[in-house]
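Let's start with one chain on its own, the form predicted on its own, as structure tokens.
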Amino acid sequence: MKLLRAITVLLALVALVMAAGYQPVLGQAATIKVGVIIPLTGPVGVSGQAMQKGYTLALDEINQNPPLGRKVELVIEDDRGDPPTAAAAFLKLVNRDRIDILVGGLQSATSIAVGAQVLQRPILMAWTGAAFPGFETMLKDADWFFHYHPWQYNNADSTWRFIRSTGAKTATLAVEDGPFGSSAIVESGAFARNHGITITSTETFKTGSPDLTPLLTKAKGANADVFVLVGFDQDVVPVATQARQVGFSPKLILAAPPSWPVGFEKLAAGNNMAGMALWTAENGHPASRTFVRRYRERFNEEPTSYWAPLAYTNLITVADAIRRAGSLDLAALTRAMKATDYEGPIGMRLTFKRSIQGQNQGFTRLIAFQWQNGKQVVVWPQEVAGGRLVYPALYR
């Protein structure tokens, strides 16, 4: 009877302690939870799916020698390209899933929604996407915010430097009507002028529109050397196919989607279209070749989106910072992230430095490539080029 009473008292004490918020030590040490907010569906779902594969490859590698002796666990939320969904995803991750670190991010609108929440609940935020400078301004005082992708003004500088290298003098601009496109309009004017290019016309469109022939007909009438498209992956196929339908054949069609649609390499109308990117699978850097081989082996497909190696880089460098910090303390993690020095599949050395307003900026330039017979051949800058730019026969 005494033993029974003792067990009853012990169980009551355990219940009281658990109700007070105690968690077993074993549960605390089980995993390091990394929250991931990416668009797996919606307008840029293809890009988000590429990111998920990049994170998967990184996780395979990290958990072979886990930081702090604890496996890393990814808790992935699909923001669907929708700002309210993205904001709700962050609240779920911190309140219910109790994440230790936040990574991911692609579109500017969803990133702004998440950023507004993180300002109220600071956490290490290692963010891959969002080029809109307004997002940079929002988080300019956040030393725990690390941004990997170039800002729109970095993109614009790279884009117009490349256009200048083609000998073009005029360009017409078509941009989607969201933050991505609006920031491109603001940046393009100044950078085009700086590089001696005249923008003859600017048109906006709703991303995902199936019929872009009115826009392309107007662009044809502008008679510019280069047509520049700032939109998403779902917009480039209509541009490529419908440009032919209306007889639009400028010196160069240059698109800048976050990712290219799956199978675009097989589209005959897309041959010779150019693009701006952080990376292509033709990158000859040893770390890039290893990444491409592992990607093929793991997913039985070709990597065509730079978001896959960028996501890989994102998670690898965060895990490395955890190891060097020796803890999950925010201040220690921030110091470790600031000391990042990594050269991986992107092929460019990654360190974090100040940007125009932000405290921790990673990559700052893009490369130019051209679709040539199903491959993304790097054509600029010259020091990393794997081939020469090919113009349509009309302009040779």
Partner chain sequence: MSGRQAVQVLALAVVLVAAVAFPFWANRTQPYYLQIAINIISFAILALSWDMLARTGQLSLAHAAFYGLGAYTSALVTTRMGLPIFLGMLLGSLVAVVVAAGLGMLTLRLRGIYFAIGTLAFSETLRVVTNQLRFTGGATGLVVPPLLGGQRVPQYLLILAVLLLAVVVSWMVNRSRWHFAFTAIRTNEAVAGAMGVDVVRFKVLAFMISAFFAGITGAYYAHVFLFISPIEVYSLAVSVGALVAPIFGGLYTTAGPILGAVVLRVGEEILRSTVQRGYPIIYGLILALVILYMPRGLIGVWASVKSGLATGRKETREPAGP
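Quantities reported herein were computed from a predicted structural model and do not represent experimental measurements. Numbering follows the first chain given and starts at 1.
Unshown form predicted in complex with the partner chain; subsequent notes refer to it.
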### Message
in the model of the complex, does residue 361 come within 4.5 Å of the partner chain, counting heavy atoms only?
### Response
no
### Query
Does the partner chain come within 4.5 Å of any heavy atom of residue 92 in the model of the complex?
yes
### Query
Does the 4.5 Å heavy atom contact test between residue 286 and the partner chain in the model of the complex come out positive?
no
### Message
Considering non-hydrogen atoms and a 4.5 Å limit, does the partner chain approach residue 145 in the model of the complex?
### Response
no
### Summary
Answer key, the partner chain contact in the model of the complex at 4.5 Å (heavy atoms) among 357, 31, 41, 63: the residue is 41
### Summary
the partner chain in the model of the complex has a heavy atom of only one listed residue within 4.5 Å, and of 320, 157, 78, 225 that residue is 78
#### Entry: Per-stretch contact check against the partner chain in the model of the complex, the hit in 312-320, 157-165, 250-258, 80-88 (non-hydrogen atom, 4.5 angstroms)
80-88
### Contact at 112, 179 and 182 by the partner chain in the model of the complex, all three, heavy atom at most 4.5 Å
yes
## Note on the structure
Across 120-134, the residues having a non-hydrogen atom within 4.5 Å of the partner chain in the model of the complex turn out to be 120, 121, 132, 134
